[in-house]
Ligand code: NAI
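So this first bit is one chain, no partners, the form predicted on its own, shown in structure tokens.
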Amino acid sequence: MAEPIRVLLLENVHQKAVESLRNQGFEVVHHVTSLEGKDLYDAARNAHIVGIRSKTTLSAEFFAEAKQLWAVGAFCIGTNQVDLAAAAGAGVPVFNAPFSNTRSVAELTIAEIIALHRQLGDRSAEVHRGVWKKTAEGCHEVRTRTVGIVGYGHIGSQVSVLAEAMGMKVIYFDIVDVLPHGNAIRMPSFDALLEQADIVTLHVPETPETMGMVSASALAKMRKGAVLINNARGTVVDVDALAESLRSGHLSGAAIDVFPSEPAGASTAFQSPLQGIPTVILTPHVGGSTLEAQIDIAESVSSRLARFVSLGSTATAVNVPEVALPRLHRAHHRVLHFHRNVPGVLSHLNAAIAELGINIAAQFLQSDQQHSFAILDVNGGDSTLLRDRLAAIPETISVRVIW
């Protein structure tokens, strides 16, 4: 009887993922919280698949400890919490859901633009306190305003479409040459965008280039009375400089969903220099937190994990070469072979198979600078002997026969 596939899901990954993976015949253990240190190592020790969200850190030490691990599912957009190089070095592909919360974040951004221009956060808080301050002072329609989108990827371009449909003028800046939607205008530089936008909204990944990009000097280049929205990554904005810009009146408002340092959970107090500043909307990293987004993420990542387990497909993996080979021969064995990308490995691989009198019916290999991944369909011979023989090749990282 084949060994059951054991799955560890952390951080209250949506129940749809649990159902989907169990329907594949996998054994699923589901934790509501994140785990760390020894608790994480112990829980994952015998797991073939680990699923996390944004609060669980999978370090190089984790991948060295998790000897049974086949794949990681990041049930979120980013993968900064995973040591991708260490995972690749262990032959563990990492799958995420880069598009699943696109609409949710875009809609939150539009809602924040409107809320800031109508001072809805302040008016709501006042009425809750029993204060009836009916005023139009400082309140504006968003129609005709210029929104500057920094990062024109999946989310940024969705914001562009929604903003233009509401009568806003759209300008954008991206380091990649991307096609504008509608009448959006590409700006030649980040600074040029800051100088022209009434609203600056950030939709960039966390990279060495984007960390701290909205600095005190960048804020000073923004138009007086402009607003800043950050639903991207907390490290992109210097929050101390932003607080000073808001208190001085240079910026009229901000909406911040992500922070340089965020609590691990609801039991930990949150502190930020932005707290207590009027016309600032602060939310606890909920940009993608809609039921629709979480369901889509659950279905998307679990299906990618299932395809890897059943077919060896690494298509859409973020850290290893992408290889996908359909099942062409029902009676054949399928071998998955991760190895270091050095000359001669494929010839050693094929020679070892030939020496065992085994025929290769199909083969697909892809490489990046450091690693290679091959899927081979073979017929004839002893699959256990074949696995052991391929594992003995010095450059082998991992080898599995999946059927």
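We number the residues from 1 along the sequence you see. Given the structure is predicted, the values throughout are model-derived calculations rather than measurements.
Although not depicted, the form predicted together with this ligand is the subject of the following passage.
Of the heavy atoms in residue 153, some are within 4.5 Å of this ligand in the model of the complex. Contact annotation: residue 205 falls within 4.5 Å of this ligand in the model of the complex, judged by heavy atom distances. At least one heavy atom of residue 287 is located within 4.5 Å of this ligand in the model of the complex. Among heavy atoms of residue 210, some come within 4.5 Å of this ligand in the model of the complex. For the options 266, 331, 176, 165, the residue carrying a heavy atom within 4.5 angstroms of this ligand in the model of the complex is 176. For the options 160, 314, 96, 101, the one in contact with this ligand in the model of the complex, meaning a heavy atom within 4.5 Å, is 101. Contact with this ligand in the model of the complex, defined as any heavy atom within 4.5 Å, is confined among 135-143, 256-264, 81-89, 121-129 to 256-264. Looking at 226-264, the residues that come within 4.5 Å of this ligand in the model of the complex, counting any heavy atom, are 231, 232, 233, 257, 258.
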